Structure formats: structure tokens, C-alpha cells
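In the C-alpha cells that follow, the same protein chain appears in two forms, which are kept apart as structure 1 and structure 2.
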Structure 1
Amino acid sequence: MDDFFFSLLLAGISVGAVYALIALGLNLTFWTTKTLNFGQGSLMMLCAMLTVIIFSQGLAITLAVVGSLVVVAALGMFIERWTVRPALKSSGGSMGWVVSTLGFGIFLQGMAAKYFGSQAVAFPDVVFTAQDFVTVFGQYISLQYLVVLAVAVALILAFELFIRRTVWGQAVHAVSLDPELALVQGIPVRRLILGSFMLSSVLAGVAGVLIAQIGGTVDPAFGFDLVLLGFVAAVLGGMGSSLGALAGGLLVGVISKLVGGYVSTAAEHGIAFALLMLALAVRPQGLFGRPEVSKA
């Protein structure tokens, strides 16, 4: 196998797994509220930035990552309570939550630029360095890519088992089908919605740390393009499907890297949105999604 092609394929699979993680976070809030948190890109940036800052104070990298994830989880709770919930109450079913979540994300990005600076900062090595490789069939494989891929896929599969095999997972599924009926049956809908935003934010934080580990740097603009690519992955795979998020993320990641390697890096993101337009035209519900049936 051509070395260049193999390296692009591995990079695409690893980055695509992170796109899938972002898509899963978007799916989670879509299940419970039929909304998407477009401020997730800024949460990714903030988690990676805070990890750098906490680590620079002398704490272990593990504690830095965990502390940053706690902060973004709290911000997820804030987003649900003060940006999404009021928008849903006052907008009468319109798309006001899009503006509110985007606005909060831009606010976080501006605050990060003001207090942390607008220049990119080096991200510390969490597990392996960029120079750590293993050789498989004569091909050099970055251990960073393998760790990123393993963590992202493990989290997605664990989440799928949580949804299918646990009581709380079934409750989330019930809320996604009919929140009013779920409330009548005694399911704590409000707590589930709040928890979905917190968990979605944690997934965004993990994705931010993984991408920063691959890229090696992080800056206030980090994350905006990534959440758009995660959205493309969610739509391609089918909104509301965990396995669809994984398939869509891998598809976007691999095709983008191959186009960037053989055509132009400037076309990487463009091809993702071309795929989105094609998918909406051919199969609007996505690869694993189901056509939505409106209640009479």
C-alpha cells in the first residue's frame, strides 16, 4: 500500500472518529429537546485552553483534563438553563435557540481571545508524543492517532450501550419520542434535558482535547470549523443515530483528508459540505436515520 495514501487514511479515520464524537454530542441534545448546541465549538476550544493553563501551573495533565471537563460540563448546564430553555419558551417553536447558542459560543471565543490572547499555544502531550510510532506491515503508525481513534470509538460504543441497556438510556429514548408522555409517566424530563446538555458539553470537551493532541496547538478560533464538520457528520449519518454519527464522522474524515492530500488542503472542508448537499438531496434522513413521522 502506498505510504502516503496509508497515512492519509489513518489520519482521516482518527480525525473522523473525533467528528463522530462531536456529532454524538449534537445528537444528544437533539434527542431531548430537538435543538443543537452550536456553541460546542467554543466549548471544545475552552476545554483545550483550560487544559493548557491548568497544566502550566504544575498540575498533572490528567487533573488538568478532568478539571477542564468539569468546567465545560457546568457551562453546558448554563447553556441549557439560560440560552436554550428561554428561547424554546418564548419562540413558539421557531429557531431562536440557533442564535442564542451561536451567540454564547462567540461570547466564549471573544473572552478567550481577551484573557488568553489570540495566538496559538502549544498543547501538551497527554499520552504519547508526535514522535511515537509503531510499525505494522512496514507502515509507520502514529500512536497519537491510534489513541485518539481508540478513545473516540470506545466512548461512542459505550454511549450506544448506555442508551440501549440502561434505564436512564431508555428514559432518554422515551423523551426523544414524546416528552409530554414521558413526563406523564413520571420520567424526570427536565433533569434528563439538563443532563443531556452537560454530557454533550463533556463530549465536546473530550473532542477538543483529542483534536488539540493531534494538531499540537490551540487558539481562540479553534473549534468553530470542527463543530460544523461534526454537524455534517451527524446529518450524513442520520440525526439521532449513534452509529450513524460514527459512520458519518469516518466518512467525512477520510474523504476530507484524501481530498486534502491529493487535490488541495483548501478543498478539505468544501468537500464535506458538498457531501452534505448530496446527502440532503438523495437521502435527507441520513444513512442510519429514519424519516420523521409527525403526530396528527
Structure 2
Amino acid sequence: MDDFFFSLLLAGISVGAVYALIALGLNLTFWTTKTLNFGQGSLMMLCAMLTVIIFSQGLAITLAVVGSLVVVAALGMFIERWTVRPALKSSGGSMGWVVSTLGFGIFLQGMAAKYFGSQAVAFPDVVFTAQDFVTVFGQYISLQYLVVLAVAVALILAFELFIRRTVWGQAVHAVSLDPELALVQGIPVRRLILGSFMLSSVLAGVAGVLIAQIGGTVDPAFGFDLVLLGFVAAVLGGMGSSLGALAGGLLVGVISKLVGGYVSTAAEHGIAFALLMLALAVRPQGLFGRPEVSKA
């Protein structure tokens, strides 16, 4: 009984860390532009796919990962320049960028299917294998999952420190509050925004690689469902909050695993979205977010 609970809890924390990592990437662009990349899943997929392809050419896995991350970072810049910026410029609220980023994600997915094939391809082990685990209190904890958890926690701490302690963090904060004022104050708003999209894409890539090695395969539709759960994590924790991303991710992960384990595995997927709707209706600002002050 206890073993059962702990297995579910651990699995919940593990997948929760994955969701948190994705939510973190989504948060970055939310800070600077109040936008999210709805095509983030395709970046995860593309990074993992490219890693497989470069690796299959005989290059070292590290080189393959770094090369793919560079490509994905460049795509992040492209997304900012050609999908988000024009959409923000034209009036029409969030409609514009939701649609254009989603569209670019679908485009990438289509390209991957066309040129890399639509079948699942095997993903190489990057850090650990599925057999590597440590034993804590008689529980097997996969090292692959521990890596994701460690990366997520480390990044979240780094982001919190960055935002609170550094000049650039202050600048990001200023941009998030009022971009026009920030521009007047001499903050390079353009570069910050571009940077946030690059970094967000890199995070998506890192998440993609880490998750692909856990599942063992990657295909063009990879990442899409995961990003939906990343959204849930981000919203639950409060958009823009790093700690919230972690808390939201873990909450979604643990609740869905516990529901899956104790109630029904069939309900595992639906519960996350029911949770999303409930959270939005009851507390739209999330656990760690502050309510937006509506300006008249």
C-alpha cells in the first residue's frame, strides 16, 4: 500500500518536473511580452529529432544536442521576429499571436513529417539509461527522472536569482510591467524580448531532449500533448512565476498520477484539464501569481 502510494508520488513528481520545465520555458516569453508560444511542443520535437539525426551521422551525442539547441534558438528568434512581433503590432488582442505561434508549430511538425518521416524514431540515451536508478528507502528512483528534476529545480532557482538579484533581471521586470516606459528608461527592450524567445526555445529544446530519452522515441507529433500539460502547470502555478511553475507542475503531475492510481487510469489525462478549467475559474492568477490590476 505504502509502496503503491510512493511509486505514484515519485512518478507524479517526476512527470511534474517535466511539466515544470516546459512551463518555465513558457514563462520566459510571458515575462517580456505577455505571450506564450503555442508551438512550443514542436520546438521540443524538433530539437529531439535533430539530435537523433545529427547523432546518426556519427557525431558525439553532446555535439548533437548542442547543435540542435543552436538551431532551436535561432528558430526562437525567428518566431519572435515573424510571428509574435507582427501579431502584437496589429490590433486584435491575443488572437493574433495565439494563432500565429500555433501555426508555426504546426508548420514545423509538417516539415518534420515530410523530411524526417512520420514514424517514431529511437532516441539515444544522453545522460543515463532507463536501467540506472538509485534506491531511497527501498524505492527505485530513476536517474533519468532525477536529472529532469534537478535541471528543473536548478533552472528555477537560477531564474529566481536572475530576476531578483541582477540588473538584467530588473530590466526584465521593468519590461514586463510597462515596455514603453522601459524603452524610455533606456532598457534595450528589443534585445530582451528577442533573448527571452531564444532562451525559451532553448529550454523547450532541453526539455525535449530530456523527455525523449525517457520515452525512448520521438516522432513529429511529440511534444504537443506535453505542452498542453505545461500550460496547465504554468496556469496553475501562476503565469510568469518560476516557483509557481514548479509548484504547478508538481501539482498536476502528482494529482494526475494519484487519480490514475487510485481512481482510474482512464481519468488520468482528463483530470489535468478539468483542473485547468477549475483553476482558471476559481483563481485565474494561479497559486503564486498576483491578480492583474485592470486599468480603466
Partner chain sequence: MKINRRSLALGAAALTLPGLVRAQSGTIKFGFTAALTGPFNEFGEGINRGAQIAVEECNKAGGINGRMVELAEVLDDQLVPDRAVQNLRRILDNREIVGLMCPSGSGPTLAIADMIQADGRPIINPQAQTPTIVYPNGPDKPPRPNLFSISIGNLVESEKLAAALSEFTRIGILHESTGYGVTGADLVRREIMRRKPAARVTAESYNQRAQDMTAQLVRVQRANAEAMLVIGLGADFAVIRRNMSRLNINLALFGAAGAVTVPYIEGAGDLVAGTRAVNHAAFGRRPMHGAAQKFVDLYRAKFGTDRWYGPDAANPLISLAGTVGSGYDCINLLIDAIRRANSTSAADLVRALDQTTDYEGATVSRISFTPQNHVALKLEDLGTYEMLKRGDRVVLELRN
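Numbers follow structure 1, counted from its first residue as 1. In this text, all values refer to a predicted model and were calculated from it rather than measured experimentally. Between two forms, the rigid core is the largest collection of C-alphas that superpose within 1.5 Å.
The chain as displayed in structure 1 is taken from the form predicted on its own.
After superposition on the rigid core, displacement of the C-alpha of residue 267 between the two structures amounts to 2 Å or more. Here residue 9 exhibits a Cα shift of 2.3 Å between the two structures, evaluated on the superposed rigid core.
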